[in-house]
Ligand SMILES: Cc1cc2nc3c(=O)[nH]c(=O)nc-3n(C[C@H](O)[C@H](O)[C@H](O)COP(=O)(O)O)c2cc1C
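Next comes just one chain, in structure tokens: the form predicted on its own.
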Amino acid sequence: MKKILVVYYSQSGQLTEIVQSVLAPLKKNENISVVFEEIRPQKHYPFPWSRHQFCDVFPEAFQETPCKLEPFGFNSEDEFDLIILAYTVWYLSPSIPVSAFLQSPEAQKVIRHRPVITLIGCRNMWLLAQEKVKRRIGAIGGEIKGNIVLMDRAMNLIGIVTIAAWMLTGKKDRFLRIFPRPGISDRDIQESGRFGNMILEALSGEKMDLDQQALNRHGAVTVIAAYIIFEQRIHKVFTIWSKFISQKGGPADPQRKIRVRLFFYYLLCAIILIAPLATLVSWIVKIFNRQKTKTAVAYFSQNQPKTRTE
């Protein structure tokens, strides 16, 4: 019998729905044992967020600073045939609880020398978060065999508005009754079971064999070229802001409250003024650097980490 460990953290519940849908075909198979491990932070992250809470987690999320976690339910000494790591993206990084898991002694034991599939549920920007996950998994001796990404299909600026409304109110409704519903569509979630069937087929042999290109032909990964440049530029700005806020203390420290508030106003300005211009510039750069863009899209569409020369 093949044994799979599924590790995930879902704040809003949407990622839990995705995990259950993707894993449905494997749960039904009598030759597969699926162990679900929901990561539990010792200090709960609320949903919906308050404005301050949403901005206050930024430095630690971006810098991959781990939080304290409740003890895991799985046995890290068990021999799993596959690890599935499902995560959401917080500020171009995996969520803080997932970062904490990847830095835990248990993750180092259970992932080492084992195949890993990453499963991402996000708005639209996941490229650099996945780079951080690749680095963490590679450093502890795991090997990413597949990546599956489910995204909000709304246009960038519309998605910013709808996701913000959802995160701050907890209501997954059409904002002002004119915007689309936020998040990943119910249809995309329901149809994600096709990836579970592909994973099941890959597990049927003696050694797991999963082809990322085959996954991509079924919609597992779609790299939007303009977001490559967009994310890289945002990453540089976030580096400056995260250091600026962290200089005044850790999470919820009153001394950094003013700087967190300034970051909120920066985000508002970026959404209203900078994002539209940056999106336009990214599209222009993509057009005039076709070969470089093509190479970057090919890289982010697979699972190999960058070499030092890249």
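Note that residue numbering follows the sequence shown and begins at 1. The shown structure was predicted, so the numbers you read here are calculated from the model rather than taken from an experiment.
Quick note: we don't show the form predicted together with the named molecule, though the next part is all about it.
Among heavy atoms of Thr162, none comes within 4.5 Å of the named molecule in the predicted complex. When the named molecule is considered in the predicted complex, Gly121 lines it closely, a heavy atom lying within 4.5 Å.
Remark: Val89 counts among the residues lining the named molecule in the predicted complex, judged by a heavy atom distance of 4.5 Å or less. Residue contact with the named molecule in the predicted complex: Ser21 places no heavy atom within 4.5 Å of it. Out of the listed residues Phe80, Phe195, Trp166, Phe230, Trp166 is the one that sits within 4.5 Å of the named molecule in the predicted complex by at least one heavy atom. With the partner omitted here, the stretch from 104-112, 68-76, 123-131, 202-210 that lies within 4.5 Å of the named molecule by heavy atoms in the predicted complex is 123-131. In the predicted complex, the residues of 10-32 lying within 4.5 Å of the named molecule by at least one heavy atom are, in order, Ser10, Gln11, Ser12, Gly13, Gln14, Leu15.
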